[in-house]
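Take a look at this single chain, the form predicted on its own, given in structure tokens.
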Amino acid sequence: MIQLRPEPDVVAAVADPEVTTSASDVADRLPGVVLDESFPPIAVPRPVPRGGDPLSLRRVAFSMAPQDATVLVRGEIGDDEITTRTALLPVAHRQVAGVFADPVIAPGLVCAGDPPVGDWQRVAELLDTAGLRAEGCDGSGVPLAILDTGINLAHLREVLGREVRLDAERSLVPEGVSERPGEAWVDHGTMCAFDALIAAPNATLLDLPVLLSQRPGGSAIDGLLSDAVAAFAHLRTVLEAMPEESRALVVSNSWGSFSPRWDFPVGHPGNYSDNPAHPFNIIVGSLEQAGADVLFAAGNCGRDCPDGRCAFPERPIVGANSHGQVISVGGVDVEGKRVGYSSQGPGRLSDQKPDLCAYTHFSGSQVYGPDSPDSGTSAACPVAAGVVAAIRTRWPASRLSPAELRTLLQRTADDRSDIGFDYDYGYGILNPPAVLAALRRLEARRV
């Protein structure tokens, strides 16, 4: 990904959803770079100090003003020229502000062969979805974005035996992907959608199949980080178009980067895994600050049963999965035991990761057959996202900011150790009845 600082009128055109721009409109000639014209330019907000360190991602605001924001384009540099080109581009072209890694991203389903532990009805009991519904918390009116391999609406309807809401207009299909929203092959994304609907049956799904790769040699279930950048930019537009008093958006991400070989080295200015200034990490923080709840799977690189692709020798919760402004979700079975493959902290961007755990490895969506579990932190993340969407039915971001809700989820989690936070379970297992009780107390104090 190449970050450019063009003239303000160009930035304004890129940021305007009513205007269509192309990579060549922004970057006329970048020596040694083959621009990807299929990837639309993306405006990236600038972190603006708010009395703190501009790179801390905690005490900053995000400005989309044309004189502040930058623009991302996607291009390819030959492997034998990466070091030279990344060093020379900012010198040779005055608008180049940075060159960043665009690592492959992929979901994680591991420990294949282990049978399911319990089923999704047991998960619903543990989450006390009946109690959530009694409080009016069922996801009604709340958009729940699934960034994955796409959703198959017909499969969800068949397995659940009821109607499922999907908003095709606010969904986003990456350039070159032929499937329409809700009509993807039955796969990982459909599993995630099913698991999110356990706690939020009336949420409105947004389908963003960022893992449907168009890169040469890619598999059917991995993509590039730049597609996620485009998806998050789209979601910011969706969020800002909503009335402020009812603004709510939950974003579920069951994917991550597995290997340092897909990235620039740690310390390189274009690195993703450890770099809070990487454009994707910036845009994740800005979406959360605008009012979205962003959840990421912690990953499947736990020391007991790691995914075979895991190549980080330590601290495998990397990049946005360890971002301080997201909810990083580990996995437990319905007995409350951490599944062996659930990644342990510390995280790379934020030390105290994962934030909490949710249920996984249960019989649910039947996406991989009736005897195969919904597994991995890939399942735990949307389970947690569904609980967040259910809560947002009554408590939009105007009443409870994403940061406040994240803290509430941490404080009310069912602690699995004697010492509070730990790197296996985070703050504990997601506990919706305790969350509702805390919200009732909060409401009483505000009256």
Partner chain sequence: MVLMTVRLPRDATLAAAARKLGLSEDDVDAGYGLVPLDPATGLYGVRVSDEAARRVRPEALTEEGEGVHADPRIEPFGPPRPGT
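Positions refer to the first chain, counted from 1. Here the structure is a predicted model, which is why all the values come from computation and not from measurement.
Not on display, but discussed next: the form predicted in complex with its partner chain.
Per the 4.5 Å heavy atom criterion, its partner chain in the model of the complex is contacted by stretch 302-310, the sole one of 86-94, 138-146, 154-162, 302-310. For residue 167, no non-hydrogen atom is located within 4.5 Å of its partner chain in the model of the complex, even though that partner is not displayed. Remark: residue 242 does not count among the residues lining its partner chain in the model of the complex, judged by a heavy atom distance of 4.5 Å or less. Heavy atoms of residue 321 reach within 4.5 Å of its partner chain in the model of the complex, making it an interface residue. Interface membership of residue 298, defined by any non-hydrogen atom within 4.5 Å of its partner chain in the model of the complex, is confirmed. Proximity to its partner chain in the model of the complex holds for all of 230, 286 and 341, with the criterion being a heavy atom within 4.5 Å.
In summary, among the residues 120, 100, 258, 194, the only one with a non-hydrogen atom within 4.5 Å of its partner chain in the model of the complex is 258. When you look in the model of the complex, the only residue of 376, 345, 364, 150 with a non-hydrogen atom within 4.5 Å of its partner chain is 376. The partner is not shown here, but in the model of the complex the stretch 258-295 reaches within 4.5 angstroms of its partner chain through a heavy atom at 258, 262, 263, 264, 268, 269, 270, 272, 277, 278, 279, 283, 286.
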